[in-house]
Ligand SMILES: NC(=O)c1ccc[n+]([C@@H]2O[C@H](COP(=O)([O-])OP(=O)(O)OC[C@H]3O[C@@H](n4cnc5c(N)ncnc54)[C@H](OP(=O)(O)O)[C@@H]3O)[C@@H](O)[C@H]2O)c1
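A lone chain, given as structure tokens: the form predicted alone.
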């Protein structure tokens, strides 16, 4: 229960869903956790839940498409907790509905790329130099099964942005490895976050289960356990991989 003892872990996009589950598990494993989001009320709820366990936790809101705000976030974390040892670049979202590529607006395309790929790039840009200088660190990015196998229901802008995250991850692993920094990626399939439980009707959920060799849909805790494995020393010789957390539905 102490896989991350005394380490500082930043989990972006952790005011709810997968990010919140990762932050809660990391705190239980001994990390001093920084939770992040733009919904201040939701962020405070997660912070309070973690603090109630006795863990050290800090909540910092920021817009991750602004490098200035990310740098301010980093400064606050380092002032209160010290340098970040583990970065989980989870923040992202799908602002564009599935449909023909030619019907995607320019604004929609840019919004999808900014929310997923640009935010990941800028976050890593801020935190990686310190990790390289210190000679250690672990970064985990978040992609999606949408980037792993296109379907008629795949939102193309989101899938392209997440595919970019995967290639960025591999490039980072190549560059950062000689400096003692590991970089890996998780690609979840459908995860039953609170939002998905509300938005996906139960009959559709039952149909979706049949598309998975492991006959259930994923939970935020499934992704959190994968993130813990990649972030901790148990994965000390693993870097540059994309781990499908998908119940067997994505088979290379």
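From a predicted model like this one, the values you see are computed outputs, not experimental measurements. Positions refer to the first chain, counted from 1.
The form predicted in complex with the named molecule exists for this protein as well; it is not shown, and the discussion that follows is about that form.
Residue in contact with the named molecule in the predicted bound form (any heavy atom within 4.5 Å), chosen from 64, 224, 57, 183: 64. Proximity of residue 158 to the named molecule in the predicted bound form falls within the 4.5 Å heavy atom cutoff.
Residue contact with the named molecule in the predicted bound form: residue 38 places a heavy atom within 4.5 Å of it. Under a 4.5 angstroms non-hydrogen atom cutoff, the named molecule in the predicted bound form has residue 195 among its neighbouring residues. Contact annotation: residue 99 falls outside 4.5 Å of the named molecule in the predicted bound form, judged by heavy atom distances. Shown here without its partner, the chain carries 14, 142 and 190, all of which come within 4.5 Å of the named molecule in the predicted bound form through at least one heavy atom.
Note on the interface: of 170-178, 90-98, 77-85, 131-139, the segment with non-hydrogen atoms within 4.5 angstroms of the named molecule in the predicted bound form is 90-98.
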